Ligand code: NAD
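To begin, one chain is listed below as structure tokens, in the form predicted alone.
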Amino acid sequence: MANIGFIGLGNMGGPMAANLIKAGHSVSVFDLSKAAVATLVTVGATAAQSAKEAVTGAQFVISMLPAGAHVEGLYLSGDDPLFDHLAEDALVIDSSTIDAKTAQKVAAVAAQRDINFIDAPVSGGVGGAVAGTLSFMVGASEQQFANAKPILDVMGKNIFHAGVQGSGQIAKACNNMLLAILMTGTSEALNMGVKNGLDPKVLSEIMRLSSGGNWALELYNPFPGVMPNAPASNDYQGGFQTDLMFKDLGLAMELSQLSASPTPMGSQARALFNMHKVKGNGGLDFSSVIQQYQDQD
């Protein structure tokens, strides 16, 4: 079993750390939220008073942070960057969803210092984090990927080697842009059917088993009452917040500009999520974007 330092215990990071503990690993945790740390301590984690303390002696360091600025600030910046405190041969796994350029920058500095740093953003939502069925999209060398995989296997079901450092973030941006497009399209179709007299459960099943079938219809229906365990049936609480989807779509748009890749549908999806967000819905699950259609009578 490994000694692991885990930094960032939000909706995703907390359950991920808990699964590592359940698997028998020794996990030292740090988060600015004392309540989040306390929750992990109840299931066997060791509380650290700082990020530095969390990584002391760790063989693996896992971070799950909000944005690229936080990742760069943690590992590279300030008076006491975390790279100064890693054990020899430690492997850093950053599972934050950030821009590929920052991931590549941090990885380049790590390489100059003989530190192993890989990007491994996730997909699968809070439910996947709790169940240990996340998908990891990993940017790493072949050897780094092989070293990280036993740890990632504890937290995920599908572990993909996307390519070199930064590739994981590119794959995540592509995936979440497609997810946003699918969710807005599914919402649009459901709303149209319901406004023309169809039962949302019946229509959902018809589309799910026909050529319009997709992940939203299979597991994450946006219409309230269709799927009891989906956020839509819980007032859109929990799940993946609209604010986070909007952030991820911003990363996708930056990537499209850097590569001159046309993304007309991705741009439209971002506009829809932006309209939803500015109405005060940023804290709701992203499937609540269906309200953008329901409000337009």
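The structure displayed is predicted, hence computed values, not measured ones. Quick note: we count residues from 1 along the sequence shown, nothing fancier.
In what follows, reference is made to the form predicted in complex with ligand NAD, a form of this protein that is not presented.
Discussion item. The chain here is shown without ligand NAD. Which stretch in 244 to 252, 52 to 60, 226 to 234, 263 to 271 comes within 4.5 angstroms of it in the predicted complex, by heavy atom distance?
Written reply: The contacting stretch is 244 to 252.
Item to check | Listed residue (Cys174, Val194, Ile206, Val126) with a non-hydrogen atom within 4.5 angstroms of ligand NAD in the predicted complex | outcome: Residue within 4.5 Å of the partner: Val126.
Contact residue in the predicted complex, from Val122, Leu190, Ala100, Ala162 (heavy atom within 4.5 Å of ligand NAD): Here the answer is residue option Val122.
**Report entry** Residue contact check: Leu65 to ligand NAD in the predicted complex, 4.5 Å heavy atom
**Finding:** It does: once ligand NAD is placed as it appears in the predicted complex, Leu65 has a heavy atom within 4.5 Å of it.
Given that the partner is absent here, does Gly8 sit within 4.5 Å of ligand NAD in the predicted complex, heavy atoms only?
Yes, Gly8 is a contact residue.
Give a yes or no for Ser96: in the predicted complex, does one of its heavy atoms lie within 4.5 Å of a heavy atom belonging to ligand NAD?
Yes, Ser96 sits close enough to ligand NAD in the predicted complex that at least one of its heavy atoms falls within 4.5 Å.
- Query: Is Val41 one of the residues lying within 4.5 Å of ligand NAD in the predicted complex, judged by heavy atom distances?
  - Reply: Flag for Val41 set to no.
- Query: What are the residues of 30 to 66, in order along the chain, with a heavy atom within 4.5 Å of ligand NAD in the predicted complex?
  - Reply: Sequence-ordered list: Phe30, Asp31, Leu32, Ser33, Met64, Leu65, Pro66.
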